[in-house]
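Here's a solo chain for you in structure tokens, the form predicted on its own.
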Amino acid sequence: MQNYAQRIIAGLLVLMGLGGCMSAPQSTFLLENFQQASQQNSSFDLPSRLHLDSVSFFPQELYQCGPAALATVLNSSAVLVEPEELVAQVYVPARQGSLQIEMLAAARRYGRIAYLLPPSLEVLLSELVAGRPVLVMQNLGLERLPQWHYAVAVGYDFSTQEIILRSGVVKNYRTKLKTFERTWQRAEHWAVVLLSPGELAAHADEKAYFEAVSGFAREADEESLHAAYVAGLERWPASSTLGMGLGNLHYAKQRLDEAAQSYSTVLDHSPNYAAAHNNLAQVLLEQGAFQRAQLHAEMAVAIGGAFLESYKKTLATIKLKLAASASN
């Protein structure tokens, strides 16, 4: 505990030395707006304070807090796991720490979608309001001499201008929002929430969600991945990327009717999406609807794009099938 406290103190001393040349615009904006709303007795977008005190706490120093921080958010997402079970998956001895990519991959192996938040302090706090602790990375040192640190945000208090973290061996580590923003900024505002398949973040973004689900697909079982796509399409019914993902999942399992419906829905919203025309043509080919398949394959070729040669092969195969069926 003493070593951890010494590192924190050292990091804060560095921060105080840099305080004059580092701004915290997001904290300043939020706090000024909160104070203005309080003075005018008007509503504010976020509650004045919040503390997810029931979030698990795993004090840990030996492995640089990565496994403990990840275990914290996993347990809050109903995945019961101890930090020791995660060490082999995320801790890199040569670096004496955990890489972000390993942290995300481990979360996916436990059936959770690792959703990267945008670099917005307000969004981060909104996730807390939604009941989700947020896994964050901080740099407690300098850009040239970093001290990387994982923590979990579990609350905040605008009246004291603080954020509350599960940090190392301190259960409720309180630090000024502006100090946190600076350390978070030097870690490129890295923040993650874990979603169960079928769940969306409080301020979900279509592109970010698709990227999160694409990463999840490397580890997910079919049922979980299906739930993730369906939830996304309920929120963004015109999403071509999510629609294609669902169609490809159906096709991989040879559910041809469902695959054709997914690709057709994509084309309803994006009629010039060449890949959807090509994939629908392939499904129709396998269903024996050769003439309809040819129409969509020709559309894919006409639209073209990076996969034009693949579209041409699909069209050529369909023409051969048509010719064979005509000669019989």
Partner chain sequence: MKFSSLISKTINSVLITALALMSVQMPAMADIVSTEQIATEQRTDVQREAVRSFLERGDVQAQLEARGVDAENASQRVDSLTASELAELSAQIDTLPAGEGAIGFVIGLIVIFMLLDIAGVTDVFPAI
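Residue numbers count along the first chain shown, from 1. Just so it is clear, the structure is predicted and the values come from calculations on it, not from any experiment.
The same protein has a further form, the form predicted together with the partner chain, not shown here; the description that follows concerns it.
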query: Exercise: Thr241 in contact with the partner chain in the model of the complex, heavy atom 4.5 Å; finding: yes
query: Residue contact check: Glu85 to the partner chain in the model of the complex, 4.5 Å heavy atom; finding: no
query: Any non-hydrogen atom of Tyr229 within 4.5 angstroms of the partner chain in the model of the complex; finding: yes
query: Partner proximity in the model of the complex: Arg218 to the partner chain, non-hydrogen atom cutoff 4.5 Å; finding: yes
query: Stretch from 155-163, 191-199, 244-252, 109-117 whose residues place a heavy atom within 4.5 Å of the partner chain in the model of the complex; finding: 244-252
query: Heavy atom within 4.5 Å of the partner chain in the model of the complex - residue from Ala260, Ala275, Val301, Leu267; finding: Ala275
query: Partner-contacting position among Trp236, Trp148, Phe210, Tyr91 - heavy atom within 4.5 Å of the partner chain in the model of the complex; finding: Phe210
query: Within 4.5 Å of the partner chain in the model of the complex, all of Leu50, Ser77 and Gln287 (non-hydrogen atom); finding: no
query: Within 4.5 Å of the partner chain in the model of the complex: residues from 288-322 (heavy atom criterion); finding: Ala306, Phe307, Ser310, Tyr311, Lys313, Thr314
